[in-house]
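Next up is one chain by itself, shown in structure tokens, the form predicted on its own.
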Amino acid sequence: MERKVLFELPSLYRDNFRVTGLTFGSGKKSLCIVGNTRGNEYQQIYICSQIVRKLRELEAKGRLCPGHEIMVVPSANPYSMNIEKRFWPTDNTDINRMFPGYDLGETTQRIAGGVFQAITGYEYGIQFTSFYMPGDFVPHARIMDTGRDYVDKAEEFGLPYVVIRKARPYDTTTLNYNWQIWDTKAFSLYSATTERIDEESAESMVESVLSFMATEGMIQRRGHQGYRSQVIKDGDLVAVRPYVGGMFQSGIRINQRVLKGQELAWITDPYDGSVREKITSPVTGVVFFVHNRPLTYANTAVLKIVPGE
């Protein structure tokens, strides 16, 4: 394993800002894995640390296949993580909305530009990321639909779902989108949690990445091949939205099968505890996403369901 600084930014008041990459093997640029770009993505950096640990074990046993370079970038935003702030501390901008970056731009544009320059040219790219809304997910792989067809590669992760997301204008500045524009087959992997470490979910994500690498001939390893992935479009997911805001209390969990008309959650009044709304399922299917904050607004998706009888 080789550890190197990919990008460094001087600081006036504390140690320099550094983005570090850990490289395994040599040869063609086969795979780059990126962890957190936001300061609250603790599960994401933890998953990357466990992938690094597994790769070091495989390297010690001589089970990395020759001719492949694999790079892991556990964190692209250590400053925000140090102070537990999701976005860049000084101006609250999102690094994952700044790609491909600009070396003469604002701070986060410079960071995105420096990181992107170091991680381009790989055949495959994996980003462990989080959703813009707080909540827990069924672990899945997500591909931005930019006209490139490599869904079969996403199925090699062996995760329950592969979600195809239609690119929107604001997606054009994300890492996933720009990786694809620069000819890297990019996958966004979503773990069950973001702000807390979930060991079971993290282990399944590590296994999924190792399964992908083994299938692509980067490592020599036998193990559980995971699920036969169900491919769905982002628009297929049924969003469940309350009519009123208040305290959110859920009676279900991710990956749970629910029936049409089943009572799933409640919105209660934060002052007197009365139930303001009972949320029922509009369809029969599997719970894909559950909001995990105490409060919610009206007309905000608190649940998403994969429909299916």
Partner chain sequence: MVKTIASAAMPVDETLEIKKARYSPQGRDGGKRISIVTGIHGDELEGQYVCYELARRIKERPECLTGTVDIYPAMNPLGIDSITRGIPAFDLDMNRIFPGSRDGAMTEYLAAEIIRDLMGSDLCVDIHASNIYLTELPQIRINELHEKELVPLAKLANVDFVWVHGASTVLESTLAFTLNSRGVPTLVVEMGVGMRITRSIGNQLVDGIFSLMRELDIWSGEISGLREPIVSSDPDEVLFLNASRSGIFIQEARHNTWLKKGESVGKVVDPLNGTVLEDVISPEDGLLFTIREYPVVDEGSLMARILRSGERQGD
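Residue numbers count along the first chain shown, from 1. Since the structure is predicted, the reported quantities are computational estimates derived from the model, not experimental observations.
In what follows, reference is made to the form predicted in complex with the partner chain, a form of this protein that is not presented.
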Note: the partner chain not shown here; in the predicted bound form, the stretch from 243-251, 25-33, 258-266, 66-74 having heavy atoms within 4.5 Å of it is 243-251
As a check of understanding, the residue in Thr120, Thr90, Thr146, Gln220 with any heavy atom within 4.5 Å of the partner chain in the predicted bound form should be identified as Thr90
Though only this chain appears here, would Gly235 touch the partner chain in the predicted bound form if you measure heavy atom gaps against 4.5 Å?
no
Looking in the predicted bound form, any heavy atom of Val231 within 4.5 Å of the partner chain?
no
Residue-level question: is Pro78 within 4.5 Å of the partner chain in the predicted bound form, judged on heavy atoms?
no
I'd like to know whether Asn292 contacts the partner chain in the predicted bound form, with contact meaning heavy atoms within 4.5 angstroms.
no
Which residues in 109-146 have a heavy atom within 4.5 Å of the partner chain in the predicted bound form?
Arg110, Tyr132, Met133
